[in-house]
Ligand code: NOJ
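The chain below stands alone and is given as C-alpha coordinates, in the form predicted alone.
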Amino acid sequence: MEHTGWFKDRVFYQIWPRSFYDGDNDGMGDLWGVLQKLDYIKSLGCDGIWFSPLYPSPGVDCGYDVADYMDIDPRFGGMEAFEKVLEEAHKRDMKVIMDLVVNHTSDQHPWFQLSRLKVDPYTDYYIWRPAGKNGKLPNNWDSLFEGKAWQYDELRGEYYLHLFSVGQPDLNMDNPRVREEVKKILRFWLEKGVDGFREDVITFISKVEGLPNDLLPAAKGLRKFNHGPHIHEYLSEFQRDVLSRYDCVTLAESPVITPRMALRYIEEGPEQEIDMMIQFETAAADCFLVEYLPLPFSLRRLKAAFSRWQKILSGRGWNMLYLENHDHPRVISRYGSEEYRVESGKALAAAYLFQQGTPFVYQGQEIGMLNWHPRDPEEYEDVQTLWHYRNRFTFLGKKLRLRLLWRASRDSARTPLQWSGEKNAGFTKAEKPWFTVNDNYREINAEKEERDPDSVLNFYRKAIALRKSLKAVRYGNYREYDRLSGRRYVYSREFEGERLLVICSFSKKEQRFRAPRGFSPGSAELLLQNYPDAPEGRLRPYECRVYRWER
(Lines give C-alpha, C1' and ligand atoms only; values in the text may rest on other atoms or scores of the structure.)
Protein backbone atom coordinates (compact mmCIF):
# COMPACT_ATOMS: atom_id res chain seq x y z
CA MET A 1 0.00 0.00 0.00
CA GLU A 2 1.20 3.53 -0.76
CA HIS A 3 2.31 5.47 2.32
CA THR A 4 0.83 8.95 1.96
CA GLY A 5 2.90 10.66 4.68
CA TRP A 6 -0.28 11.95 6.32
CA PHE A 7 1.53 12.28 9.66
CA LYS A 8 3.61 15.22 8.36
CA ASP A 9 0.60 17.54 8.59
CA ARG A 10 -0.63 16.37 11.99
CA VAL A 11 -0.09 17.44 15.59
CA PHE A 12 -0.31 14.60 18.11
CA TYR A 13 -1.46 14.64 21.72
CA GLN A 14 0.05 12.05 24.04
CA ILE A 15 -2.27 10.50 26.61
CA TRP A 16 -0.97 8.84 29.78
CA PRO A 17 -4.26 7.00 30.34
CA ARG A 18 -4.33 6.50 34.10
CA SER A 19 -3.83 10.25 34.73
CA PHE A 20 -5.84 11.82 31.90
CA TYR A 21 -9.50 11.75 33.01
CA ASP A 22 -11.56 9.31 35.07
CA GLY A 23 -14.80 8.52 33.24
CA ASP A 24 -16.16 5.84 35.57
CA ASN A 25 -15.10 7.49 38.85
CA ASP A 26 -13.05 4.65 40.27
CA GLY A 27 -10.06 6.93 40.85
CA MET A 28 -8.07 5.99 37.74
CA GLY A 29 -8.16 7.58 34.30
CA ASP A 30 -9.71 5.48 31.56
CA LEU A 31 -10.94 5.40 27.97
CA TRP A 32 -14.44 6.49 28.95
CA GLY A 33 -12.77 9.65 30.23
CA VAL A 34 -10.86 10.05 26.95
CA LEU A 35 -14.15 9.72 25.07
CA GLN A 36 -15.56 12.67 27.01
CA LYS A 37 -12.50 14.81 26.25
CA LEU A 38 -11.97 14.15 22.53
CA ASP A 39 -13.44 17.53 21.62
CA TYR A 40 -11.05 19.22 24.05
CA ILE A 41 -8.08 17.56 22.33
CA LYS A 42 -9.45 18.50 18.91
CA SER A 43 -9.91 22.09 20.08
CA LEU A 44 -6.16 22.36 20.61
CA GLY A 45 -5.64 21.68 16.93
CA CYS A 46 -4.35 18.19 17.71
CA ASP A 47 -5.56 15.67 15.14
CA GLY A 48 -3.72 12.61 16.40
CA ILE A 49 -3.48 10.72 19.69
CA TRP A 50 -0.65 8.56 21.00
CA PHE A 51 -1.80 6.30 23.81
CA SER A 52 0.75 5.10 26.32
CA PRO A 53 0.09 1.38 27.02
CA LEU A 54 -3.53 0.34 27.47
CA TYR A 55 -2.90 -3.41 27.61
CA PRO A 56 -3.60 -5.67 30.63
CA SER A 57 -0.64 -5.35 32.96
CA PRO A 58 0.29 -5.90 36.60
CA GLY A 59 1.54 -2.30 36.58
CA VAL A 60 5.12 -2.76 37.76
CA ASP A 61 6.10 -0.07 35.24
CA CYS A 62 2.72 1.61 34.70
CA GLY A 63 1.69 -0.58 31.78
CA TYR A 64 5.07 -0.96 30.06
CA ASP A 65 5.05 -4.48 31.51
CA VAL A 66 2.51 -6.03 29.13
CA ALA A 67 0.67 -9.21 30.10
CA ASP A 68 -1.54 -9.47 26.98
CA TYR A 69 -0.81 -7.64 23.72
CA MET A 70 -4.20 -8.24 22.12
CA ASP A 71 -6.58 -6.84 24.70
CA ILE A 72 -7.31 -3.64 26.62
CA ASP A 73 -7.03 -3.53 30.40
CA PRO A 74 -10.50 -3.67 32.01
CA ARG A 75 -9.40 -0.83 34.30
CA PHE A 76 -9.34 1.39 31.20
CA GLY A 77 -12.73 0.16 29.98
CA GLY A 78 -11.69 -2.92 28.02
CA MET A 79 -11.95 -3.41 24.26
CA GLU A 80 -15.47 -1.97 24.13
CA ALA A 81 -14.27 1.42 25.34
CA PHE A 82 -11.22 1.37 23.06
CA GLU A 83 -13.28 0.60 19.95
CA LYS A 84 -15.66 3.44 20.83
CA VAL A 85 -12.80 5.90 21.29
CA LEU A 86 -11.24 4.75 18.00
CA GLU A 87 -14.56 5.20 16.18
CA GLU A 88 -15.22 8.64 17.63
CA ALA A 89 -11.65 9.82 17.05
CA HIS A 90 -11.83 8.80 13.39
CA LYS A 91 -15.16 10.63 13.04
CA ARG A 92 -13.27 13.77 14.11
CA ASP A 93 -10.46 13.09 11.61
CA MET A 94 -8.11 12.19 14.46
CA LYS A 95 -5.56 9.42 14.02
CA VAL A 96 -4.78 6.97 16.85
CA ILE A 97 -1.46 5.27 17.49
CA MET A 98 -0.65 2.64 20.10
CA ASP A 99 2.44 2.04 22.20
CA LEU A 100 4.21 -1.10 20.96
CA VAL A 101 6.32 -2.59 23.77
CA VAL A 102 8.16 -5.62 22.40
CA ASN A 103 11.67 -5.41 23.83
CA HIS A 104 10.21 -7.03 26.95
CA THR A 105 6.96 -8.31 28.42
CA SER A 106 5.59 -8.63 31.93
CA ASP A 107 6.83 -11.58 33.94
CA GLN A 108 3.10 -12.40 34.23
CA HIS A 109 2.73 -12.84 30.46
CA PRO A 110 1.78 -16.45 29.58
CA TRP A 111 4.83 -16.69 27.30
CA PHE A 112 7.14 -16.08 30.23
CA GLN A 113 5.32 -18.43 32.56
CA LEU A 114 5.59 -21.22 29.96
CA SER A 115 9.21 -20.32 29.23
CA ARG A 116 10.04 -20.79 32.92
CA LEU A 117 8.70 -24.34 32.58
CA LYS A 118 10.61 -24.94 29.30
CA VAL A 119 7.36 -25.66 27.47
CA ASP A 120 7.84 -25.67 23.69
CA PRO A 121 7.78 -23.48 21.71
CA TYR A 122 8.23 -20.88 24.47
CA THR A 123 11.49 -22.23 25.95
CA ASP A 124 13.62 -19.69 24.09
CA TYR A 125 11.17 -16.78 23.88
CA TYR A 126 13.31 -14.98 26.47
CA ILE A 127 17.03 -14.57 27.14
CA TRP A 128 18.01 -17.20 29.69
CA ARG A 129 21.51 -18.00 30.91
CA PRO A 130 22.99 -20.26 33.58
CA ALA A 131 25.04 -18.68 36.34
CA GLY A 132 28.59 -17.71 35.42
CA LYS A 133 31.76 -19.08 36.99
CA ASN A 134 31.67 -19.35 40.78
CA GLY A 135 27.96 -18.54 40.76
CA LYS A 136 28.44 -15.08 39.26
CA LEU A 137 25.88 -13.31 37.08
CA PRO A 138 25.98 -14.23 33.38
CA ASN A 139 27.57 -10.86 32.55
CA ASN A 140 28.11 -7.41 34.10
CA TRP A 141 25.31 -5.52 32.34
CA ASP A 142 23.27 -2.97 34.27
CA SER A 143 19.51 -2.61 34.28
CA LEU A 144 18.29 0.87 33.43
CA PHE A 145 15.83 0.68 36.33
CA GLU A 146 16.94 -1.73 39.05
CA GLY A 147 20.53 -2.70 39.73
CA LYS A 148 22.02 -5.44 37.58
CA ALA A 149 20.26 -6.77 34.49
CA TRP A 150 19.86 -10.40 35.61
CA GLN A 151 17.34 -12.10 37.88
CA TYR A 152 17.51 -15.71 39.04
CA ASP A 153 14.38 -17.77 38.51
CA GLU A 154 14.04 -20.63 40.99
CA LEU A 155 11.58 -22.57 38.84
CA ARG A 156 13.79 -22.73 35.76
CA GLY A 157 17.09 -22.64 37.64
CA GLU A 158 18.55 -19.96 35.37
CA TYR A 159 18.91 -16.20 35.11
CA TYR A 160 16.79 -14.09 32.76
CA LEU A 161 17.79 -10.73 31.27
CA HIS A 162 15.78 -7.64 32.23
CA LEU A 163 17.09 -4.34 30.90
CA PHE A 164 14.36 -2.55 32.85
CA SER A 165 12.56 -3.70 36.01
CA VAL A 166 12.79 -7.23 37.39
CA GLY A 167 9.18 -7.68 36.28
CA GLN A 168 10.06 -6.92 32.63
CA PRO A 169 12.02 -9.86 31.15
CA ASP A 170 13.56 -9.20 27.72
CA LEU A 171 12.23 -11.10 24.74
CA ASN A 172 14.66 -13.05 22.57
CA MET A 173 14.09 -11.33 19.22
CA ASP A 174 16.72 -13.60 17.62
CA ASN A 175 14.09 -16.35 17.83
CA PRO A 176 12.07 -16.23 14.56
CA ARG A 177 8.96 -17.35 16.45
CA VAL A 178 9.14 -14.22 18.61
CA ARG A 179 9.33 -12.02 15.54
CA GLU A 180 6.26 -13.78 14.15
CA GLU A 181 4.45 -12.98 17.40
CA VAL A 182 5.32 -9.30 16.91
CA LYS A 183 3.89 -9.41 13.39
CA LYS A 184 0.66 -10.90 14.76
CA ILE A 185 0.41 -8.02 17.23
CA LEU A 186 0.97 -5.44 14.49
CA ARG A 187 -1.64 -7.02 12.21
CA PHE A 188 -4.18 -7.34 15.01
CA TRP A 189 -4.21 -3.62 15.83
CA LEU A 190 -3.86 -2.40 12.26
CA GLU A 191 -6.83 -4.54 11.21
CA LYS A 192 -8.79 -3.03 14.10
CA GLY A 193 -8.17 0.39 12.56
CA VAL A 194 -5.24 1.75 14.56
CA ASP A 195 -3.13 4.21 12.51
CA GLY A 196 0.34 3.26 13.71
CA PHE A 197 2.72 2.64 16.59
CA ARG A 198 5.15 4.36 18.90
CA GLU A 199 7.76 1.63 19.37
CA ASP A 200 9.18 1.58 22.88
CA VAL A 201 13.02 1.30 23.09
CA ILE A 202 12.86 -0.57 19.80
CA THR A 203 16.57 -0.13 19.13
CA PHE A 204 17.25 -2.45 22.11
CA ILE A 205 15.71 -5.58 20.55
CA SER A 206 18.95 -6.98 19.06
CA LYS A 207 21.69 -7.82 21.56
CA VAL A 208 25.34 -8.48 20.70
CA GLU A 209 25.87 -12.18 20.19
CA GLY A 210 27.34 -13.96 23.18
CA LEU A 211 26.24 -11.16 25.55
CA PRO A 212 29.84 -10.16 26.43
CA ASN A 213 30.82 -8.06 29.43
CA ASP A 214 31.04 -4.31 28.92
CA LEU A 215 34.01 -2.26 30.14
CA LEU A 216 32.12 1.02 30.39
CA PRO A 217 32.31 2.44 33.95
CA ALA A 218 28.53 3.12 34.00
CA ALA A 219 25.44 1.95 32.08
CA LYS A 220 27.28 -1.30 31.45
CA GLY A 221 25.84 -3.12 28.47
CA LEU A 222 24.19 -0.14 26.77
CA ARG A 223 26.45 -0.28 23.75
CA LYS A 224 25.95 -4.06 23.59
CA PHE A 225 22.17 -3.94 23.29
CA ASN A 226 21.44 -0.56 21.66
CA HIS A 227 21.58 -0.60 17.82
CA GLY A 228 22.58 -4.27 17.95
CA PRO A 229 23.85 -6.43 15.07
CA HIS A 230 20.45 -7.48 13.67
CA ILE A 231 18.38 -4.37 14.42
CA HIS A 232 18.04 -3.25 10.81
CA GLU A 233 17.32 -6.78 9.64
CA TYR A 234 14.48 -7.19 12.13
CA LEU A 235 12.92 -3.77 11.57
CA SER A 236 13.07 -4.31 7.80
CA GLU A 237 11.33 -7.64 8.29
CA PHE A 238 8.47 -6.01 10.23
CA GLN A 239 8.24 -3.30 7.58
CA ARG A 240 8.26 -5.71 4.64
CA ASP A 241 5.91 -8.33 6.05
CA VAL A 242 3.33 -6.11 7.78
CA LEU A 243 3.75 -2.35 7.99
CA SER A 244 4.24 -1.72 4.26
CA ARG A 245 0.75 -3.13 3.64
CA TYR A 246 -0.96 -0.36 5.63
CA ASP A 247 -0.89 3.44 5.37
CA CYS A 248 0.32 3.72 8.95
CA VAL A 249 3.00 5.61 10.86
CA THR A 250 5.84 4.33 13.06
CA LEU A 251 7.98 6.30 15.48
CA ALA A 252 10.85 4.61 17.23
CA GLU A 253 12.14 5.51 20.69
CA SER A 254 15.93 5.37 20.76
CA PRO A 255 18.07 6.50 23.66
CA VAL A 256 21.61 7.56 22.66
CA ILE A 257 21.22 8.32 18.98
CA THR A 258 22.51 11.08 16.74
CA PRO A 259 20.72 12.42 13.66
CA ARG A 260 23.20 10.68 11.34
CA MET A 261 22.59 7.38 13.12
CA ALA A 262 18.84 8.03 12.90
CA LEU A 263 19.01 8.33 9.13
CA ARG A 264 19.93 4.64 8.96
CA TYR A 265 16.40 3.99 10.22
CA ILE A 266 14.30 6.87 8.88
CA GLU A 267 15.90 8.07 5.64
CA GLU A 268 13.09 8.23 3.12
CA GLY A 269 13.32 5.72 0.29
CA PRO A 270 12.93 2.02 -0.43
CA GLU A 271 15.11 0.96 2.53
CA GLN A 272 13.27 3.06 5.13
CA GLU A 273 12.45 1.10 8.30
CA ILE A 274 10.75 3.72 10.53
CA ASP A 275 8.98 7.04 9.84
CA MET A 276 10.25 9.11 12.77
CA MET A 277 12.73 8.80 15.62
CA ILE A 278 12.17 9.84 19.25
CA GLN A 279 15.63 11.04 20.23
CA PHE A 280 16.81 12.16 23.67
CA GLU A 281 19.26 14.94 22.70
CA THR A 282 16.70 17.73 23.02
CA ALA A 283 15.58 16.24 26.35
CA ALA A 284 19.10 16.39 27.85
CA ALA A 285 19.84 20.11 28.00
CA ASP A 286 19.96 20.03 31.82
CA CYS A 287 21.49 16.62 32.48
CA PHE A 288 24.03 14.08 31.30
CA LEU A 289 21.97 11.51 29.35
CA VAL A 290 19.40 11.04 32.16
CA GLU A 291 17.79 13.41 34.65
CA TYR A 292 19.41 11.62 37.61
CA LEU A 293 22.77 13.06 36.48
CA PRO A 294 21.78 16.74 36.60
CA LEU A 295 23.62 19.66 35.03
CA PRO A 296 22.67 23.35 34.88
CA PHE A 297 20.26 24.06 32.03
CA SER A 298 22.16 25.12 28.92
CA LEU A 299 20.25 26.92 26.19
CA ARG A 300 23.27 26.53 23.93
CA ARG A 301 23.10 22.75 24.34
CA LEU A 302 19.36 22.75 23.59
CA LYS A 303 19.77 24.97 20.52
CA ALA A 304 22.64 22.87 19.19
CA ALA A 305 20.47 19.74 19.46
CA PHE A 306 17.50 21.42 17.78
CA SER A 307 19.66 22.68 14.93
CA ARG A 308 21.53 19.40 14.40
CA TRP A 309 18.31 17.48 13.92
CA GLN A 310 16.75 20.16 11.72
CA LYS A 311 19.76 20.47 9.41
CA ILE A 312 20.91 16.87 9.10
CA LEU A 313 17.42 15.43 8.53
CA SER A 314 16.40 18.18 6.09
CA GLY A 315 15.28 16.65 2.80
CA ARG A 316 16.21 13.15 3.99
CA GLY A 317 14.13 12.21 7.03
CA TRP A 318 11.26 13.58 9.11
CA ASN A 319 11.61 14.97 12.63
CA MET A 320 9.49 14.05 15.62
CA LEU A 321 9.25 17.20 17.78
CA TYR A 322 8.59 17.15 21.51
CA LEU A 323 9.43 18.87 24.79
CA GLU A 324 7.58 16.65 27.27
CA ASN A 325 6.42 13.08 27.61
CA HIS A 326 5.76 10.52 30.32
CA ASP A 327 9.50 9.80 30.74
CA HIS A 328 10.69 13.31 31.61
CA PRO A 329 9.81 15.90 34.27
CA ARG A 330 7.77 18.95 33.29
CA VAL A 331 9.60 21.18 30.85
CA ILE A 332 8.76 24.56 32.43
CA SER A 333 10.33 23.33 35.67
CA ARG A 334 13.39 22.19 33.70
CA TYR A 335 14.02 24.60 30.82
CA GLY A 336 11.74 27.49 31.68
CA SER A 337 10.87 29.28 34.92
CA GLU A 338 8.20 28.49 37.48
CA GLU A 339 8.34 32.19 38.43
CA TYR A 340 7.53 33.10 34.82
CA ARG A 341 5.37 30.05 34.21
CA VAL A 342 3.03 31.59 31.64
CA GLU A 343 5.69 33.50 29.72
CA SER A 344 8.22 30.65 29.64
CA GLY A 345 5.55 28.06 28.84
CA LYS A 346 4.61 30.07 25.76
CA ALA A 347 8.24 30.69 24.75
CA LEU A 348 8.97 26.96 24.96
CA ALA A 349 5.95 26.23 22.77
CA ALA A 350 7.11 28.70 20.13
CA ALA A 351 10.65 27.33 20.29
CA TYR A 352 9.64 23.91 18.97
CA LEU A 353 6.26 24.24 17.25
CA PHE A 354 7.65 26.11 14.22
CA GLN A 355 10.42 23.66 13.44
CA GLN A 356 10.07 21.11 10.64
CA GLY A 357 8.57 17.86 11.83
CA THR A 358 5.51 16.40 13.55
CA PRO A 359 4.92 17.96 17.00
CA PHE A 360 3.70 15.99 20.01
CA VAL A 361 2.04 17.69 22.98
CA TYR A 362 1.99 15.76 26.25
CA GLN A 363 -1.11 15.99 28.42
CA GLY A 364 -0.88 18.96 30.79
CA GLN A 365 1.90 20.62 28.79
CA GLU A 366 -0.73 22.74 27.07
CA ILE A 367 -1.85 24.27 30.40
CA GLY A 368 1.67 24.78 31.74
CA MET A 369 1.69 22.10 34.44
CA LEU A 370 4.75 22.05 36.73
CA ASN A 371 6.76 19.44 38.60
CA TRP A 372 5.20 17.83 41.63
CA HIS A 373 6.98 18.35 44.98
CA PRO A 374 6.01 15.58 47.43
CA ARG A 375 7.15 15.80 51.01
CA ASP A 376 7.99 12.12 51.34
CA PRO A 377 9.84 9.99 48.74
CA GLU A 378 7.54 7.04 49.46
CA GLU A 379 4.73 9.01 47.80
CA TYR A 380 6.32 8.27 44.44
CA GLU A 381 4.95 5.39 42.35
CA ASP A 382 7.60 5.03 39.66
CA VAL A 383 9.85 1.97 39.96
CA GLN A 384 12.87 3.87 38.61
CA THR A 385 12.38 6.78 41.02
CA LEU A 386 12.05 4.58 44.09
CA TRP A 387 15.09 2.49 43.15
CA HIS A 388 17.24 5.61 42.74
CA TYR A 389 16.09 6.97 46.10
CA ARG A 390 16.79 3.73 47.95
CA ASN A 391 20.04 2.78 46.23
CA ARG A 392 21.78 5.84 44.76
CA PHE A 393 23.30 8.85 46.50
CA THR A 394 22.50 7.30 49.87
CA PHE A 395 25.39 9.29 51.35
CA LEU A 396 23.25 12.39 50.90
CA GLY A 397 20.64 13.33 53.47
CA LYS A 398 16.95 12.70 52.88
CA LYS A 399 16.28 16.35 52.03
CA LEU A 400 18.94 16.47 49.30
CA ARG A 401 17.87 13.15 47.82
CA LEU A 402 14.27 14.35 47.78
CA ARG A 403 15.38 17.51 45.98
CA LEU A 404 17.00 15.34 43.33
CA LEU A 405 13.74 13.43 42.88
CA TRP A 406 11.81 16.68 42.50
CA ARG A 407 14.10 17.56 39.61
CA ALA A 408 14.46 14.14 37.98
CA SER A 409 11.49 11.85 38.60
CA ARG A 410 9.24 10.74 35.76
CA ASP A 411 6.36 10.93 38.24
CA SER A 412 6.51 14.73 37.99
CA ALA A 413 4.81 14.33 34.60
CA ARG A 414 2.41 11.60 35.71
CA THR A 415 0.22 13.35 38.27
CA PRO A 416 -3.46 13.63 37.24
CA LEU A 417 -4.27 16.25 34.64
CA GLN A 418 -5.64 19.36 36.29
CA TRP A 419 -9.05 19.99 34.75
CA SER A 420 -10.51 22.41 37.31
CA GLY A 421 -10.10 23.92 40.76
CA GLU A 422 -12.58 21.44 42.24
CA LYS A 423 -11.64 18.54 44.49
CA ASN A 424 -9.03 16.24 42.92
CA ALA A 425 -8.54 18.90 40.21
CA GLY A 426 -11.76 17.67 38.56
CA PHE A 427 -9.90 14.53 37.47
CA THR A 428 -12.20 12.12 39.35
CA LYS A 429 -15.26 12.15 41.55
CA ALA A 430 -13.85 9.25 43.55
CA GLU A 431 -12.77 10.03 47.08
CA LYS A 432 -9.14 9.31 46.27
CA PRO A 433 -7.40 9.32 42.87
CA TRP A 434 -4.89 6.59 41.98
CA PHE A 435 -2.02 9.07 42.34
CA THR A 436 -1.47 12.37 44.13
CA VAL A 437 -2.79 15.55 42.52
CA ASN A 438 -0.29 18.42 42.36
CA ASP A 439 -1.00 20.95 45.13
CA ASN A 440 -1.10 23.84 42.63
CA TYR A 441 -4.25 22.64 40.83
CA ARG A 442 -6.38 25.56 42.05
CA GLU A 443 -4.03 27.98 40.29
CA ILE A 444 -3.21 25.85 37.26
CA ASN A 445 -6.12 24.07 35.58
CA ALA A 446 -7.78 23.82 32.17
CA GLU A 447 -11.06 25.40 33.26
CA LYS A 448 -9.31 28.53 34.49
CA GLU A 449 -7.16 28.73 31.37
CA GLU A 450 -10.19 28.35 29.08
CA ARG A 451 -11.55 31.62 30.50
CA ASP A 452 -8.28 33.51 30.08
CA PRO A 453 -7.53 34.55 26.47
CA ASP A 454 -3.86 35.05 27.41
CA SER A 455 -3.39 31.62 29.02
CA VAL A 456 -0.82 29.02 28.04
CA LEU A 457 -3.71 26.86 26.77
CA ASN A 458 -4.97 29.48 24.36
CA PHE A 459 -1.43 30.25 23.21
CA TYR A 460 -1.01 26.59 22.23
CA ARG A 461 -4.24 26.78 20.24
CA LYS A 462 -3.05 29.88 18.39
CA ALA A 463 0.43 28.49 17.77
CA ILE A 464 -0.82 25.13 16.45
CA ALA A 465 -3.37 26.81 14.18
CA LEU A 466 -0.66 29.14 12.90
CA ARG A 467 1.86 26.39 12.14
CA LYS A 468 -0.78 24.54 10.14
CA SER A 469 -1.51 27.63 8.03
CA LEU A 470 2.10 28.35 7.02
CA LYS A 471 3.75 26.36 4.24
CA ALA A 472 7.18 27.49 5.42
CA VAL A 473 6.74 25.42 8.59
CA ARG A 474 6.39 22.15 6.68
CA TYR A 475 8.62 22.84 3.69
CA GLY A 476 10.91 25.72 4.60
CA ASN A 477 14.65 25.85 5.11
CA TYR A 478 15.82 26.23 8.71
CA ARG A 479 18.50 28.65 9.85
CA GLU A 480 19.61 29.50 13.37
CA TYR A 481 20.85 32.98 14.32
CA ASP A 482 22.63 34.25 17.42
CA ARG A 483 24.04 30.75 17.88
CA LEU A 484 26.42 31.62 20.74
CA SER A 485 23.79 33.37 22.84
CA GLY A 486 22.95 31.66 26.10
CA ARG A 487 19.80 33.75 26.50
CA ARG A 488 18.05 33.75 23.11
CA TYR A 489 16.93 31.18 20.56
CA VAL A 490 16.32 32.75 17.14
CA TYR A 491 15.61 30.83 13.95
CA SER A 492 14.03 31.36 10.56
CA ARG A 493 12.03 29.24 8.14
CA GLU A 494 11.84 30.17 4.47
CA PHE A 495 9.86 28.72 1.57
CA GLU A 496 8.84 30.23 -1.80
CA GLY A 497 9.10 33.82 -0.66
CA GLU A 498 7.51 33.30 2.75
CA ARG A 499 9.92 33.94 5.62
CA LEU A 500 9.30 33.36 9.31
CA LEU A 501 11.44 34.57 12.19
CA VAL A 502 10.95 32.95 15.61
CA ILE A 503 12.46 34.79 18.57
CA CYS A 504 12.46 33.27 22.07
CA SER A 505 14.06 34.70 25.19
CA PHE A 506 15.25 32.22 27.83
CA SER A 507 16.16 34.78 30.47
CA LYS A 508 14.50 36.30 33.53
CA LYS A 509 16.21 39.59 32.67
CA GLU A 510 15.26 42.12 30.03
CA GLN A 511 17.79 42.20 27.21
CA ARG A 512 18.61 44.22 24.16
CA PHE A 513 17.88 42.57 20.85
CA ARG A 514 18.35 43.43 17.20
CA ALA A 515 16.77 41.33 14.47
CA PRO A 516 19.21 39.57 12.13
CA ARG A 517 20.24 41.37 8.97
CA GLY A 518 17.53 41.19 6.36
CA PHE A 519 14.73 40.96 8.93
CA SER A 520 13.34 44.42 9.64
CA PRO A 521 10.46 44.17 12.15
CA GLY A 522 8.96 47.33 10.67
CA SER A 523 8.21 45.57 7.39
CA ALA A 524 6.96 42.34 8.94
CA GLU A 525 3.65 40.97 10.16
CA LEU A 526 3.73 40.00 13.82
CA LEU A 527 1.79 36.73 13.93
CA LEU A 528 2.27 35.56 17.52
CA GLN A 529 3.56 37.01 20.78
CA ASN A 530 3.32 36.43 24.51
CA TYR A 531 3.28 40.07 25.65
CA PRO A 532 0.58 42.60 24.68
CA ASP A 533 3.03 44.78 22.75
CA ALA A 534 6.35 44.27 20.94
CA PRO A 535 8.78 47.17 21.36
CA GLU A 536 11.75 47.15 19.01
CA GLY A 537 15.22 46.69 20.39
CA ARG A 538 14.48 44.74 23.56
CA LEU A 539 13.08 41.48 24.87
CA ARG A 540 11.40 41.06 28.24
CA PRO A 541 11.68 37.92 30.42
CA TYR A 542 10.85 34.82 28.35
CA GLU A 543 9.36 36.93 25.57
CA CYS A 544 8.61 35.21 22.27
CA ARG A 545 7.53 36.54 18.90
CA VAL A 546 6.86 35.04 15.47
CA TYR A 547 7.20 37.38 12.49
CA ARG A 548 6.32 36.79 8.84
CA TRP A 549 7.59 38.44 5.67
CA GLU A 550 6.41 37.94 2.11
CA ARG A 551 8.44 38.90 -0.93
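In this text the structure is predicted, and so the values were computed from the model without any measurement. One-based numbering along the sequence shown.
Not pictured, yet referred to below: the form predicted in complex with 1-deoxynojirimycin.
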property: Site test, 168, 201 and 410 vs 1-deoxynojirimycin in the predicted complex, non-hydrogen atom cutoff 4.5 Å; result: yes
property: In the predicted complex, residue 61 touching 1-deoxynojirimycin (heavy atom, 4.5 Å); result: yes
property: 4.5 angstroms heavy atom contact with 1-deoxynojirimycin in the predicted complex for residue 327; result: yes
property: Interface membership of residue 346, 1-deoxynojirimycin in the predicted complex, 4.5 Å heavy atom rule; result: no
property: Contact of residue 434 with 1-deoxynojirimycin in the predicted complex (heavy atom, 4.5 Å); result: no
property: The unique member of 303, 162, 109, 414 whose heavy atoms fall within 4.5 Å of 1-deoxynojirimycin in the predicted complex; result: 414
property: In the predicted complex, the one of 253, 449, 214, 281 near 1-deoxynojirimycin [non-hydrogen atom within 4.5 angstroms]; result: 253
property: Which of 193-201, 293-301, 216-224, 70-78 lines the interface with 1-deoxynojirimycin in the predicted complex (heavy atom within 4.5 Å); result: 193-201
property: Neighbours of 1-deoxynojirimycin in the predicted complex among 287-307 [non-hydrogen atom within 4.5 angstroms]; result: none
